[in-house]
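So this first bit is one chain, no partners, the form predicted on its own, shown in structure tokens.
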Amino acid sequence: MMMHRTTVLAAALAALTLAPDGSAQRFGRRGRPPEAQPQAAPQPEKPAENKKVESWTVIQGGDVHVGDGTVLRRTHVVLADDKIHAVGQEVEIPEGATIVDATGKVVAPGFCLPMASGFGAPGGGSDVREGLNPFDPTIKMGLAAGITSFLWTSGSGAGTPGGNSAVVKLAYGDLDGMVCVENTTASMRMPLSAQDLSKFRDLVEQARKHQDAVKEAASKPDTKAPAAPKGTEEILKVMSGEKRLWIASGGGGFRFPGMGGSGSRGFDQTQIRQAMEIASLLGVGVVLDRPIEAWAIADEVAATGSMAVVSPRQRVENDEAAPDTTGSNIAQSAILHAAGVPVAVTTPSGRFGGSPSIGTGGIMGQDLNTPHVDAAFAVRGGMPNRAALRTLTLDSAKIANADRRVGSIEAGKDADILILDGDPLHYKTFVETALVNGKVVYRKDDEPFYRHIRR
């Protein structure tokens, strides 16, 4: 079925004047204390030395949005098989390389979404590899919107970390290329009862003692490391950085203006502060899964090195007793960014509830054709343009714990790249070409969705 970007969507987004860089400076830049600085950013994996390259590709002369906020004008990107080999204005062009002319175009990292459904991945409760379908028709639709990977999750850890996860690629027609990395995240829910919080503290203490015992065993020849105490396995993975811990609200539904019902205000300050206590106990930042009131205590979130997945379009009523510090705020992404908190964006929940993941919901607020709209709403709330692109690229990949592989155009990272006909966040922009693992998997002119539309 042929897809159209509706006139209503165009008119609505035309009103979103993209703010110039630095538009969020009015919020100030509050530094986090030295002791709370996040761990150093992981470096891209280095290509294997002396590995024979089967296929060279050069994306030539485009304006490259690296993904970290940097833009390199009229720059070449050299791909060696499925990896990025070099980026620069003066790079060696390998003999026999396939040349892709991107002159006058924008080159950007593929969007890595923190939440999505479909795209050939199974539903919750099963192993991701068992249900993958590389020919799922929604894959092409996602690629047309710039999506090249997403975080798939299954299950929840309730009061302790748990659940399965994987970063899945939209590698159309390539089953082996669909799973980028597995078991990158764990999850748990707030609020915790006093009993559950006490249990969690005890498990963290056991985990720390186990870490000390492992270090001591490593210092002694012929000494076998002890087994991890039961119940601490996932906590140890989070503490070591092997997994990123996501914390979500487990209580009540949202209240939407004009829809009736009571419900709670969702992930409010009380629950966020308890999540920050969890982060402090673990000694590592956590991911706040769609907090509503993090904007009111952004410095506290930043102080733990934590991150956030935000729904910029989410509307939640404030508390009439404290209207200035409660409820949703369209400026939340900008305020968190100004405080130094990495942010990824996602869609709001559907009108009748359910997961806020990108999908084929369309009118339900989950339209996979427009993931950039949520980043544009972050700009509308005061986030700088280039920082807003990070909510779909590098910071989103970091939140998925996959930034060693995806999220930016850097040597050593996976060659998941978009060639667009304009600014990545502009409502008139289309993806002309998408590459996943160095292979062209989408061309606008070859697919039915938008080939009839010209800028």
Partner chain sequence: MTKRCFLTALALCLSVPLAAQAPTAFVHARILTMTDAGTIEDGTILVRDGRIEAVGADVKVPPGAHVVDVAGGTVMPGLVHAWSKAGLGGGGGGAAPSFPGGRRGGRPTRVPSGGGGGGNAQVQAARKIADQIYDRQDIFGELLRAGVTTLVVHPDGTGFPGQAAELAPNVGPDVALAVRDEAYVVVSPAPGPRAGKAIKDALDKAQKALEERKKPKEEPKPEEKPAEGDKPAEQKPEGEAKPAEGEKKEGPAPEGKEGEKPKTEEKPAEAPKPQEKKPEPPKDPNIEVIADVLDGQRRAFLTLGSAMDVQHYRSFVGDEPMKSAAVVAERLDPRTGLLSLEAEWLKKAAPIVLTPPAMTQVPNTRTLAHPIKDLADAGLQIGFLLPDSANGVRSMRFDVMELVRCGLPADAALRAMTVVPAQALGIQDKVGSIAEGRRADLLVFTGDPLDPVSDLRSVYLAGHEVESHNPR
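Residue numbers count along the first chain shown, from 1. This is a predicted model, so every value here is computed, not measured.
One more form of this protein, predicted together with the partner chain, exists but is not displayed; see below.
Residue 176 is the only one of 212, 242, 205, 176 with a heavy atom lying within 4.5 Å of the partner chain in the predicted complex.
Taking 216, 92, 101, 127 one by one, only a single residue has any non-hydrogen atom within 4.5 Å of the partner chain in the predicted complex, and it is 127.
Only one listed stretch (81-89, 147-155, 131-139, 272-280) carries heavy atoms within 4.5 Å of the partner chain in the predicted complex, and that stretch is 131-139.
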